[in-house]
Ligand code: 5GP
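Shown here is one chain on its own, the form predicted on its own, set out as structure tokens.
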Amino acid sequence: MSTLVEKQQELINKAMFGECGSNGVYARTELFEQVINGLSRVITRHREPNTEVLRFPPVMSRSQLERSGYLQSFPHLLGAVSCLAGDEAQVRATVERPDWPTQLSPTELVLSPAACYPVYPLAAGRGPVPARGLLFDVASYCFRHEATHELGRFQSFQMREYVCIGAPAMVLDFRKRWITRGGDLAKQLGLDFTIANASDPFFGRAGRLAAMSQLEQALKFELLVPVRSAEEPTACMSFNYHLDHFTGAWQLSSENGTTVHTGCVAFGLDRLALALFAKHGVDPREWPTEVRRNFPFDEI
């Protein structure tokens, strides 16, 4: 069977997005953004009561990311913000050099690798976690320096997450609910999927051990949808249990001093949009009625 790339690349470029001169970075069409907006509305309809809504910029504090452990676990995916420094004469002299990027100075900002990272220091700054726990709805544009750039592996992408901070049993129950809800959401969108135990792309030899431990403890599950092919499905949602990784880093504890854990469910909005086009075609007028009603296609 030919892949989506082979069969529909020209139509994808017209209906979904166009390249921006760098691998894995794309301009979105109005149609693609309509699908993203529709997906966001579907996800919002599943939001649990007492969930605080936060929207983050595509950058975050470098020191906060370091404290959260990302630099040690995923240095190969990190993007940092650097700028030109100096007075006018120094800056003008630098930009005339062919090697001007090597003269950049680091700032306190990095590109956010996931929407949830800024929420843990924010929660820590508010004091002890109440007994009822905390629920957040977060979103941002994210960046990862991916080694390959096949369809669906973006360097810049939109991520929506629900985050739970609370007692271990509470977080595990949150993830269990969302594994079921994630499957229900995929069915609502008419997508074929499987849910499988998974691991994050940790860096280096130590990272391989971390990935094995993650798999053994069943800390991460992914909802996989055929986008490029059925043989290599694409992870469009993930359901994660972090144990005390973030609460230990940020010294988060409950009001009575007991252990607090975190977990999240992440939605890859761009990948879900691609999955819809792969399954139902690039013309939404031909999508099944029960799927189409979720999207603002009135002007198409």
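The first residue of the sequence shown is number 1, and the count goes up from there. Quantities reported herein were computed from a predicted structural model and do not represent experimental measurements.
The next section is about a form of this same protein that is not shown, the form predicted in complex with the ligand.
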Is Gly152 near the ligand? Define near as a heavy atom within 4.5 Å, in the predicted complex. yes
Is Gln34 close enough to touch the ligand in the predicted complex, meaning at least one heavy atom pair within 4.5 Å? no
Contact between Ser238 and the ligand in the predicted complex at 4.5 Å, heavy atoms? yes
Is Met159 close enough to touch the ligand in the predicted complex, meaning at least one heavy atom pair within 4.5 Å? yes
Looking at 176-184, 138-146, 162-170, 85-93, which lies within 4.5 angstroms of the ligand in the predicted complex, counting heavy atoms? 138-146
Among Ala266, Ala273, Leu252, Leu65, just one has a heavy atom within 4.5 Å of the ligand in the predicted complex, namely Ala266
